[in-house]
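Single chain ahead, written as structure tokens, the form predicted alone.
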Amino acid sequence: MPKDFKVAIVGGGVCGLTCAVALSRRGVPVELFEAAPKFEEIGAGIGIGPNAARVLQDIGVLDEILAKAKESKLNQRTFRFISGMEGHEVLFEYPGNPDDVGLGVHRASFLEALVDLLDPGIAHFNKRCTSVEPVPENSSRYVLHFTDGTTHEADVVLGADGIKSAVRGAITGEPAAARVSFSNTVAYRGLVPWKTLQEAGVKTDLTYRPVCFTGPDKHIILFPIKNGEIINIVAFVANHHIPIGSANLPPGSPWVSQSTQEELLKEYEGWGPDVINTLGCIKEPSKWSIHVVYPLLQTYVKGRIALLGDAAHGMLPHLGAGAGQGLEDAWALAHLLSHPQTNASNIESVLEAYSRMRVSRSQMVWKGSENIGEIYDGCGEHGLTQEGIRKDLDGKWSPVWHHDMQDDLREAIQWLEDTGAHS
């Protein structure tokens, strides 16, 4: 039966586009509004963990993403943790089940795969949302306002507009910046061909599984993309000794800027040869001041408005699970909104079920990501020795990777039945 409501998604990044494809495939009318002139992603590689891969498989888009990524199958294994100092001692190889495989993929490849699956008629570009308000003569509908002066009305609004979300203010009643804090962490990013790294003298094999070089207050994440031809490099520098939100950047400061090789190498002065040789291959690193949603939200919904992805729970990237949480959000919304008993009369309860389903899980991952960064940088309980890293990291990914989203969905639907929203 056709749905008697229409959905507007604000934001056409990884989460918004995934949600649009999932809703469309399940028969829910949807329109997508993207601020940019076309679908595009800033950034480099994105990590898709086993849980996120299952979501993409269920939506029916995993094969297309693998094809765009030039990968024949999921192939990203668990991390090797190596000392970033002289000698590069292997500290820990995180154990994994045979099914604990994911994917490292360039963000552009991910989006290209989804764009090919989306009806182009539902995508609207150059539409930067500034606010969402109830329609004056019908409070059950909303009007979206855009910077170009245009508006759009919808029954349901899904905010996938990132950490600087304009939609979030409609839920919290606060300015968008009120829930955004500097994480005290900077990341230097680059993409380098594996052949170039070999020629530079890098001995550690970076093509088989992700590697984390650990050290005091810093660590480097490296994982292969494009069938091992390119290595995605992210070098982190953090201050774990002050609370998140206590040292925000001056107003107007850019979050992303071009850095220099000299600055990057200075940050890692004194580290071992594989680290220095690797970073020396990044000629023009980009520098990211990582921001997070903090203080955390108590709910992701209000009325018929809901948040997903970074708009709801932007987090540190240290578990490699931030994008995966957004994909889980999109999957959950698609299943709940397309449920046969979901209609215009019970939308608010359905979105409340979504929030009940997602807040505790996504915020568990948020807190785990913060903790894992502390461990990488020598601020864990047991330190940076082999034994210390093993004790602090053992089992950390299990609640992320092995969580059963179908159980969560069954509980959400049961709650809807128990409350009479679904009868």
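Remember, predicted model here, so these are calculated numbers, not experimental data. For every residue, the number given is its place in the sequence shown, counted from 1.
Not on display, but discussed next: the form predicted together with a small molecule.
Residues of just one listed stretch (90-98, 335-343, 187-195, 207-215) have heavy atoms within 4.5 Å of the small molecule in the predicted bound form: 187-195. For the three residues 160, 166 and 310, a heavy atom within 4.5 Å of the small molecule turns up in the predicted bound form in every case.
Put simply, residue 46 is close to the small molecule in the predicted bound form: some heavy atom of it is within 4.5 Å. At a distance threshold of 4.5 angstroms between non-hydrogen atoms, residue 240 is out of contact with the small molecule in the predicted bound form.
Interface residue remark: residue 321 is counted as part of the site for the small molecule in the predicted bound form, having a heavy atom within 4.5 Å. Proximity of residue 290 to the small molecule in the predicted bound form: non-hydrogen atoms within 4.5 Å are present. With the partner removed from view, the residue among 317, 224, 272, 285 that has a non-hydrogen atom within 4.5 Å of the small molecule in the predicted bound form turns out to be 317.
Residue 129 is the only one of 129, 74, 123, 170 with a heavy atom lying within 4.5 Å of the small molecule in the predicted bound form.
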